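Encoded as structure tokens, the following chain is the form predicted alone, with no partner shown.
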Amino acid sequence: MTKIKTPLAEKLGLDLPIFGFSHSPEVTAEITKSGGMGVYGIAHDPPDQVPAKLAYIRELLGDRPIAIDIMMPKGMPENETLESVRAVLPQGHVNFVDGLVDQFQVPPAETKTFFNSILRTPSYFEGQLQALLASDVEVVAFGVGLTPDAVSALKERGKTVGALIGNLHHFEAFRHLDLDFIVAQGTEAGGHTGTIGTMVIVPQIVQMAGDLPVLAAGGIGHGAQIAGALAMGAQGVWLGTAWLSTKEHSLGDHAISDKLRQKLFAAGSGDTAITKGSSGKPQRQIRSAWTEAWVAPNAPAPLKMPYQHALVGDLLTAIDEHQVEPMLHIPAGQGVAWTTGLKSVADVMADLRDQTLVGLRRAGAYALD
């Protein structure tokens, strides 16, 4: 197999400089087995469940490196419970959500999920961090927020540590923390995202970072974009949406339903929207009745994280559980335009590699002596 070498890829032993974020252990493992680095997001895993999840990923990967994405957002309430927060939610917001239940005839949720049984608190995230510190995980990336102490503790245990940033101010705040890499994420990205485009933020962060490796993220789903990111000075790319339509995402706890997969296949780059309606922070999702509801004239302003999560958790669970089609949604970036059919992770990786090589050769042909 033709390899695409960058300093960071060689340091981590990768054949391809492709980092793939997923909430699916099976997808994560297959990305790594296919020459890249799968990055498992533990945001939905309570601290006491993290060790077992890591053990399962280790079983899938053997001695190959494991990479984990963790969140440590600021401003979370410490001395609250889900019940205490729900008891003081603004009545107008509660009435609005109840109205959505009636409008779309959503049956009550019958299962417990991350969305309707967990309150994000500092203790929750600290518990996840402690589980990582006690593990043999090799790479840790902070997806939202971080603390200097957390970075230092991970580094002291020999782990490679990086962070996602969506603006220049984040880099200024993080540049003194001895990180091993930075992911410069453009607004085209799925999930929590900022406002600066990928083509703008990546070369800016590359210039500011000096010798610190930078990965490009945001709307990337084709090898031509990977070639462009490498041309801008990035040492690799970070993809999430590309894996949602893979066969491996039909397995395990995070399996994607056929109805949702069809929405992904049908969606173009203009069929996503940024909403605070799910978590309280700006999140790019597949456009749906859910995203439209939160920008309607009668919609209240979404609450801050984690209060919005407490407000809508039961409804989010019920929408997914009962497959309420108009409101079905999932975090996805503008690169969803490339997810047009069911493929294996290995096939996606092979396509990305081949497309990248074509892009690099095409660009090289324009060079003048």
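Residue numbers here begin at 1 and follow the sequence given. Not measured: the values here are computed from a predicted model.
From this point on, the text means the form predicted in complex with a small molecule, which you will not see here.
Heavy atoms of residue 143 reach within 4.5 Å of the small molecule in the predicted bound form, making it an interface residue. Taking the partner from elsewhere, residue 162 is found to have every heavy atom lying beyond 4.5 Å of the small molecule in the predicted bound form.
Using a 4.5 angstroms limit between non-hydrogen atoms, residue 188 touches the small molecule in the predicted bound form. Heavy atoms of residue 333 reach within 4.5 Å of the small molecule in the predicted bound form, making it an interface residue.
Of the candidate stretches 153 to 161, 169 to 177, 190 to 198, 99 to 107, only 190 to 198 contains residues with a heavy atom within 4.5 Å of the small molecule in the predicted bound form.
Taking 246, 279, 272, 241 one by one, only a single residue has any non-hydrogen atom within 4.5 Å of the small molecule in the predicted bound form, and it is 241. The contact with the small molecule in the predicted bound form, taken as any heavy atom within 4.5 Å, belongs to 71 out of 293, 131, 71, 76.
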